[in-house]
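Single chain ahead, by itself, as structure tokens, in the form predicted on its own.
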């Protein structure tokens, strides 16, 4: 038989006895990986006459694309919005911990902060692939400070900003740099915001609408300028009204340009969104739903007081409040919890639940050519799950990076 190294020196791994999520369906077939990417077995057999160097018996598990969290503020005692001399070590700690929840890449999220925080934190973290050290970083999600005072939620009012100088100048003054930024959440009703939306999209940065009192036409205008996401739908925006549905109306708007999809984040933790509201959103626009944790410092920590950016938060059971108030301020949910709750609350299929945490966020960020699916040539970022959608193992670039203890 010809050498298995005829095309590449890299070893070939064959995942057997599994159901893989491909083309929106769980299919009983093997998954082949080489050089960190998913391999087309037909080409391997017929063109190279190659074979597997290693077999992984999945014991009937589901293999899904690794989960992608586009809104996570921290966890395990680490707050991404806090200045420290070594931001990257805290980020690395969280990125390693979330492997057990099936997350293979994420957008560390900074809540509204003073300029000094952005200027200190942003340059310390670069976009990078994941591996044994933890999930990959896709770029920061900057949630604020260009948001509505009325819908600030847990964001500190004293640090909110407007586009006084007319747009990008204000943005750069606040952030300092956009080098490692993947997404910005802003309120589209702020004067000067539309030119900012346009310029951010031109630079390849995803624009999300949130913490806003925008009406539907203001939201539609932002979408025309390139905005493509809604930050934690229903939370921190005007409630749905039949005469003017506000940002929520984007889910069924006929003014979204042809060929474009508006995606929306959902915190499916059983607290931020009533199951009936979650079902309404999913049934209205299933292909746009993106599961986010919106997890804060206290994810993985016991009840008590913790920080979120410039605020003190209190954990009571599964609820996270701004201390001394009843204002929710992020969740302590993990991504695998959200996937399980979403499936149960929405009554959707296993495939839909998994794609809301993988395919949809990859489509949102323009990464679907390499993430969020198990197509040939895509990154072999994988999560192995049982039928109840509990994580059994996580792989990045085909390498096992976490496995549940037997």
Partner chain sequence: MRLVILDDFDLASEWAAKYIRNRIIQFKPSAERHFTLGLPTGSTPYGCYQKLIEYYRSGDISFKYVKTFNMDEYVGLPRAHPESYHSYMWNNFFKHIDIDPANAHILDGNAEDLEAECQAYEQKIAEAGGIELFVGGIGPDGHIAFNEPGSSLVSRTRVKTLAKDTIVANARFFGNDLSRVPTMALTVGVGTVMNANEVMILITGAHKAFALYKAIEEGVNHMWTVSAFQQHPRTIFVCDEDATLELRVKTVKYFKGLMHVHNRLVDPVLSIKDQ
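Note that the structure is a prediction, hence the values are computed from the model and not measured. Residue numbers count along the first chain shown, from 1.
A second form of this protein, the form predicted in complex with its partner chain, is not displayed here; the remarks below concern that form.
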Proximity to its partner chain in the model of the complex (heavy atom, within 4.5 Å), stretch among 35 to 43, 335 to 343, 361 to 369, 61 to 69: 35 to 43
Look up in the model of the complex whether residue 47 has a non-hydrogen atom within 4.5 angstroms of its partner chain, and give yes or no. yes
Verify the contact flag for residue 29: yes if a non-hydrogen atom of it lies within 4.5 Å of a non-hydrogen atom of its partner chain in the model of the complex, no if not. yes
